[in-house]
Each structure stands twice: as structure tokens, then as C-alpha cells.
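The form predicted on its own is given below as one chain in C-alpha cells.
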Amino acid sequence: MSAIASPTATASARTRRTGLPREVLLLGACAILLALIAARFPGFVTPANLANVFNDTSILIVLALGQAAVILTRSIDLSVAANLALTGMVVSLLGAAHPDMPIVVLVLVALGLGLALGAFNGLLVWKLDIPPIVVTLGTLTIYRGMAFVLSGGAWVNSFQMSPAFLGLPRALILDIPVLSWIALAMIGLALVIFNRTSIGRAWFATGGNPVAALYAGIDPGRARFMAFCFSGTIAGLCGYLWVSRYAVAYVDVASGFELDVIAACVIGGVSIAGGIGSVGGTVLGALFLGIIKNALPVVNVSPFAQMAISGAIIIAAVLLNTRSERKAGRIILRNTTVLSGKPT
């Protein structure tokens, strides 16, 4: 009996139909964008500045990897920024109340709380069969409300945070901030999970065709639950990274950031219909957004025009994805006898 096609095989088939891989197109788009900016502001493309752009985009990259896992299963996580805000508030309050608490403990608290919030989303989707957009729209409000209740609406400022709490993301290893190293480590981890593990293949199969995935022995509900857990854990980590990097925690931190995270996935070629996407495309989609957000202020584009430009790019990416999927289709079972139940 043939197995479910690997993500790599699916991506290759799609590449043959569309000519060039999405990753190559995105690399070309980033190069053209940098060339246009460099024509007027050469200093923007220096290695040091590009490293700063990557560092500025690191949290978006990490969050987009978790969101990509969720979208691959035909779901969506609108609560990812609220998860970040609540987790960031909890660890900043803990750090302020216990300045001597080891930073490792605070990071573990952030990871555990993020996992719990993601698992709550996943359980509602899996066990109660509630549409993911409804669940996460509700928990978005719940998590923001919990952050308000815990803090009483007050801010946690930098003078309330210990030097160790603030210093970790800024610490340098080989002249590269730890925040960038964390993003690189998460990219490597995602590459392994997406392409080399059974749960990664289950995410692709569930999004590609849930019925066929069920016949192949995959529980789509469990796969979605695991994707939400993965996304939630990453959001928890980013909660600590966000408040320590910007040295402030408040209820509306990262408000609306979930839209940037989803946009990075869509621009990177992750199909909103599920089953298609890659780690490389997601990272490049986030970097493309990061370059735009860093470059537009440099060329004196107004904030309102920046929002319009970002929205136009997202619509163009969705249109491109829709046309590509129409040509490629989404096939996850090579052997149709699996569906008919006949032995092979």
C-alpha cells in the first residue's frame, strides 16, 4: 500500500506545475525589493543593517512557524497574539515580584503557559468540533481579559524587570543577539518536525484531505490539537521575548499582530485551505514583511500608506496562492485503492 505523499513530494509536484518554487520567487522578490531600496538608501543593505532587520523580524518568524502548522490542518489561530500578551504579562509580573527567580524558570513558565493556552484551543476544536475561527476569536478576548484581570490594567515597566530578564534577548553570541539565535533554532526545529516526523506528515495530510487522512490511520482531530499545542508553546516563548525586548508589558501588547503572522504565512505560500506550505516559504514570507516594515519608514512613507501597501501585498499573495492551487490541486494519496479499501 502506498503511503501518504511526503510534504517534499507534494511541494515538488506543485513546483513542476507552477515552474518555480515559491521559495525561489520569494527570494527574487526580496532581492528586487532590497535593490530598489539600495538605489536610494545604500546603507539599508549593509550586512549589519540586514542583521538588524532579521533580529527585528525574529518574533514574527517564530510565531509564523506555529501559525503555519495550524493553517496546514485547515485551521487558524487568531488568539496567538493574545496568548503572547497574557504569557508576557504573567512572566513579567512573576519577574517583578521575584527578581531573584532564575531566568530559566521564567522561560519554562512561559513555555508551559503558552502550551496550556494552545491546548485549550485545540481541545475545543478537537473534542467539541467547534470551528477554529470561532474558538480562537473567543479565546482572543478571554486571554486579553485575563491579562487585564491579572495586572489590573497596569503596566509592568523596565525598572520593575531584573537585568537578567531584560538582558537575555540582547545578549550576544558571536556578535549575534540571542533573539536571532532563538529564531534560527526554531527554524531548524520546525524543519525537522514538518518534514521528518509523523506529526508533521499528519498536519499536511489532515489539511490536504481529512477523509483520506482518516483512511490512512491519521486522526485529524488529534493532528489539529497537536498543531494548536505547537503554536501555543511558541506563542508563550514569544511572550517572554516580546516583553523583555521592548521592556514593557501591558494588556494591548502585540494587538493586531496575529494578522501580520497570518499574512507572513500566506505570503510564504501556506494555503489557507490547508495541506500546502513549507518552513522555508513561511520564513521568507515573514522576512519579506519584515523588510517592507523596516524599509517603508526609511523612504518616508506615512503609517497609513504603510498599512495600505501591506494590505495590497497580502491580497496579491492570496490571489497568487489561489491561482497556484487551482492549477496544482492537492493530492495526498498516490494509490486510490486505499480509499476503496482494496488491498494493494
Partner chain sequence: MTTIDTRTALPTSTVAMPRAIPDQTGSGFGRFLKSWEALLLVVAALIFIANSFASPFFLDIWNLSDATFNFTEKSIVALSMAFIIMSGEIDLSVGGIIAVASTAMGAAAHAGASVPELVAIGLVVGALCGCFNGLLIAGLGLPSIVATIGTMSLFRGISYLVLGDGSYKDYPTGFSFFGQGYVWQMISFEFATFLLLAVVAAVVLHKSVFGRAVRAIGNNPFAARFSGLRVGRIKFILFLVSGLASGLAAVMLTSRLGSTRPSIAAGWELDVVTIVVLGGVNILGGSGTIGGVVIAAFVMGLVTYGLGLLNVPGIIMSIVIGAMLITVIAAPILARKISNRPRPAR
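Residue numbers count along the first chain shown, from 1. The shown structure was predicted, so the numbers you read here are calculated from the model rather than taken from an experiment.
Separately, the form predicted together with its partner chain exists; it is not shown, and the next lines address it.
K.L.:
Taking heavy atoms only, is Gly311 within 4.5 angstroms of its partner chain in the model of the complex?
P.N.:
Contact with its partner chain, yes.
K.L.:
Taking the shortest heavy atom distance, is Lys127 within 4.5 Å of its partner chain in the model of the complex?
P.N.:
Yes.
K.L.:
Even though the partner isn't displayed, in the model of the complex is Arg201 close enough to its partner chain, meaning a heavy atom within 4.5 Å?
P.N.:
The answer is no: Arg201 has no heavy atom within 4.5 Å of its partner chain.
K.L.:
Is Val45 close to its partner chain in the model of the complex, meaning a heavy atom pair under 4.5 Å apart or at it?
P.N.:
Val45: no, not in contact with its partner chain in the model of the complex.
K.L.:
Which of these stretches, 90 to 98, 254 to 262, 192 to 200, 171 to 179, has heavy atoms within 4.5 Å of its partner chain in the model of the complex?
P.N.:
Contact criterion met by 254 to 262 only.
K.L.:
Identify, from the list Val248, Ala119, Met146, Ala164, the residue with a heavy atom within 4.5 Å of its partner chain in the model of the complex.
P.N.:
When its partner chain is considered in the model of the complex, the option within 4.5 Å is Met146.
K.L.:
Its partner chain isn't shown here, but in the model of the complex which of Ala51, Leu296, Val318, Leu33 has a heavy atom within 4.5 Å of it?
P.N.:
Answer to the contact question: Val318.
K.L.:
So which residues in 270 to 285, when you check its partner chain in the model of the complex, have a heavy atom no farther than 4.5 Å from it?
P.N.:
Counting only heavy atoms within 4.5 Å of its partner chain in the model of the complex, the single contacting residue of 270 to 285 is Ile272.
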